[in-house]
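The form predicted alone is given below as one chain in structure tokens.
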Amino acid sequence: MTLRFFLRQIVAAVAESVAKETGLVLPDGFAPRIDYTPDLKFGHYATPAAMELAKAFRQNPRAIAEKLIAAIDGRAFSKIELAGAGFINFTLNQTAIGKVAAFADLNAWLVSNESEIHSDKVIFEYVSANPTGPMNIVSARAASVGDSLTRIMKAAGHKVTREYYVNDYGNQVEKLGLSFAYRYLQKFKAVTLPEDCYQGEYVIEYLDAMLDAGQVDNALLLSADKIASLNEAEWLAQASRVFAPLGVSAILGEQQKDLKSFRTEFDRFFSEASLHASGAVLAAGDALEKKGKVAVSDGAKVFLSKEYGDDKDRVIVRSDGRPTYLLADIAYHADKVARGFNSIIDIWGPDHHGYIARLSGALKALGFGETPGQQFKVIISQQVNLLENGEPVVMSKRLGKFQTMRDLIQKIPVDVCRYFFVTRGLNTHLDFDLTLALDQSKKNPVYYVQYANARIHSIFRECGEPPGHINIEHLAVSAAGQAEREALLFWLLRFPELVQDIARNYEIQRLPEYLYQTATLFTSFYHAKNNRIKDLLAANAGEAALLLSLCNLTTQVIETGLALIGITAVREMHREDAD
């Protein structure tokens, strides 16, 4: 059991007791909020329960708080205080901390706590970059955050499927095929690539690889002799249809390699083309029509998305019978529902805010959300600003600056990239400091955390391996009155609570903040004179073993936390980095 869950049970029970004694009624499903205090000098936890009950009890929050405090059995606490407008601050005593937080299985404790989670069947879609060119840095950010969140949600007990939606159908794919056709034609004659085609040099690189591999149909291959009699328009039309799937396959393959290099994996790459081939796209439009949510305007079928907060109704089938991209997206999400997922989470790019209302509206129209626990959540990934020496970096490959995800991870270690990308919530712009990222000292926050972990393992090498079993009760009681030990242990015991929080609110930035603070608290513990394990080995072997056990818990938390954001845990460091 986590300490927070224990405290929530106490406050809930006391609130129910006070309500009964005074003839009042608790709000339905009342579950008191338990927060961390801004500083341990105010206590371990705080609750605004009295303010949450003020309306139902029709009393002043401070008066309610006084009644709640009076009803609490104080044996588990060293201090309970009334603060501000009605907050209650709690400081648990070390004996209670040890008893409540004791665990039989360290690995199970590190990653979840079944008493606090509601397990969902989740499909999490992220990155989903168009297969028309290399992934950019915004995609790298989405990859880091999406992969980290899915790891955390799995750790918290959710059943998570990681999916990448491949937009391999429609106008953009046709343009890609045409771009390849023009680039091939340019090898034999001077022709201008149309402005609406993909201009990047990468198309030539992929084309040459296709030709070298013999992937192009011989009937399409050109020569100097054929050019003179070539029907250019007819050949371009035919060639673009052949090059389009070859181009998608080649680019997607390279994207998958980059994702793997970035330690990002998916359970499925879902093809948009497969939806069209199966008839699922038009079937989704028919389903909306049957629900009475489609109108006809100038021969086109229009989804009545204004009913769901959109700024206007949206065409889903054009007047010539062709479905729009929106209808394909509706069909894709309807397919997610049909696969039995009750929680659908997407990460989208920064220009997709307006798309949320129309897609969530379509799912509501189709009945998703009527069953308790069903949710559709979109997280918008904001822009990444690259900075070097405090100045913005121009993203231009011609100038030798970063342009793609691959450019970035070839220059900056993956550990650093992944850490930096999760230090801010996706809903805020991220300034990626290249100067700091390239700094290999402890000024770089990821190295600071890794070095703390390496220091622990250097202690083990010097003082012996820690006891296999971590006795939390013994650790907590022995830490009483030792400020650095108390602070470090309580901070470590918050870890499973953090995992649960992030799995619920997706605030991934809290994990690197937590790990950095863990490293800071461990450093304070390490430098305290009374925690010199090497000196204690001869004088007090029992206390030395306890401190080794606390170090063991610290490294377990750090290494588990780093793994949840896809970062390696360093166990050795250079001597110059030791202080």
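Just so we're on the same page, rigid core means the largest C-alpha set that superposes within 1.5 Å between forms. Residue numbers here begin at 1 and follow the sequence given. Only a predicted model underlies this, so the values are computations on that prediction, with no experimental measurement involved.
In what follows, reference is made to the form predicted in complex with the RNA, a form of this protein that is not presented.
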item	value
Among 219-227, 249-257, 420-428, 466-474, the region lying within 4.5 Å of the RNA in the predicted complex by heavy atom distance	420-428
Residue contact check: Arg75 to the RNA in the predicted complex, 4.5 Å heavy atom	no
Interface membership of Ala237, the RNA in the predicted complex, 4.5 Å heavy atom rule	no
Gly29: touches the RNA in the predicted complex, heavy atom cutoff 4.5 angstroms	no
Contact of Gly170 with the RNA in the predicted complex (heavy atom, 4.5 Å)	yes
Single option in Ala280, Ala300, Met210, Val414 placed near the RNA in the predicted complex, where near means a heavy atom within 4.5 Å	Ala300
Sole residue of Arg268, Lys159, Lys291, His352 within 4.5 Å of the RNA in the predicted complex, by heavy atom	His352
Interface residues of 525-556 toward the RNA, as seen in the predicted complex [heavy atoms, 4.5 Å]	Tyr526, His527, Lys529, Asn531, Arg532, Ile533, Lys534
Shift of Ile533 between this form and the one not shown at or above 2 Å (CA, core fit)	no
Rigid core superposition, Tyr184 Cα moves 2 angstroms or more between this form and the one not shown	no
